[in-house]
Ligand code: ACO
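Here you get one chain, nothing else, as structure tokens; it is the form predicted on its own.
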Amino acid sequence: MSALYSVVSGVSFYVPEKIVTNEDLTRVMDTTDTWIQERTGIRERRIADVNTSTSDLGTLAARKVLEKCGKTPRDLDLLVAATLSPDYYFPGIGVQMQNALGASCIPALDVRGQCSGFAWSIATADALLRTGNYRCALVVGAEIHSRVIEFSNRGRNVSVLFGDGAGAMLLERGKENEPPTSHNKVRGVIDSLMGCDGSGAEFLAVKRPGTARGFKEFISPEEAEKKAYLPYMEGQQVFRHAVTRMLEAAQTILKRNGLKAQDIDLVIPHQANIRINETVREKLELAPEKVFNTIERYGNTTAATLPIGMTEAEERGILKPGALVLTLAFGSGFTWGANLIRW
């Protein structure tokens, strides 16, 4: 009997056509292209039009990966979706994408890991495939941030960071008799890690609307008038914790799989800030070419950053079959995650 594990059959992504550059932002807030690039590494980001929803972006990315892998929605028996910007407060985008794709009656669940959402979703889908109850899982990360941030001086410490986009991965049950490990050449998901420290939840959050104690309404007219739904972030706290937790996640994955950092062929980190990724890279003593970044072109697309990075690295010939890949992510919550994959 073959071992139960999952293999990445393909990845793809979709981003809106509209590009908003740093120069564009200088027309609506006090900032400069140099200031944004030096502090974040971002040059431009994509913004969805008013007739496009988060689930629409996810569906478009999903259709691309299905076509790429020669599959149809009828081949799916599981859908795992990650987002912090769903179309509705409830239900989640998973069920909406299931319906849009025509993947009738398969389970569709949402993972709220924020920027760690895609790493967590890989771990979740892989674990479910290993039960033997599923054979083909679609994992999607999709976000529309542009409607929850304010392009103004008041919102500039957050609004310069984020972009809209979606990415998708197809995971299928492996066919080899032995599961993938860090020391064999079997393709598949080798290991995953998920972590959380809820004491940092309020350092990066959208606190209203909601059902928090002390509030009689989901959101009051006064709160709506003052845009209480805008994100709040303590940047220094986020930066410090992101570096610490992403480094810890990498070291934990490496240790329990008998690896050194230099054994990894490519690290694909979450794209929150180029300085975070560079700090982690330096602490792991990795060469620059071993870490792949996309933040310059897309900004922080939260749950979509990992599949966007995987797809672009693959299309450029940087991520090749057989490569040992490490993903790293950190997000609001605080949450963090990592995946070790033989590509």
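This structure is a prediction, so every number in the text was calculated from the model and none was measured. Note that residue numbering follows the sequence shown and begins at 1.
FYI, the form predicted in complex with ligand ACO isn't displayed, but the following is about it.
Among the residues R156, K71, R130, R112, the one placing a heavy atom within 4.5 Å of ligand ACO in the predicted complex is R156. Though ligand ACO is absent from this view, in the predicted complex it lies within 4.5 Å of a heavy atom of just one residue from Q236, T211, N177, S104, which is Q236. The closest heavy atom approach of S53 to ligand ACO in the predicted complex falls outside 4.5 Å. By the criterion of a heavy atom within 4.5 Å, S332 is counted among the residues contacting ligand ACO in the predicted complex. Of the heavy atoms in V160, some are within 4.5 Å of ligand ACO in the predicted complex.
Though the partner is left out of this view, A137 does not reach within 4.5 Å of ligand ACO in the predicted complex, counting heavy atoms only. Residues placing heavy atoms within 4.5 Å of ligand ACO in the predicted complex fall in a single listed stretch, namely 228-236, out of 228-236, 118-126, 163-171, 257-265. Shown without its partner, the chain has H270, A272, N273, R275, I276 in segment 254-284 as residues with a non-hydrogen atom within 4.5 angstroms of ligand ACO in the predicted complex.
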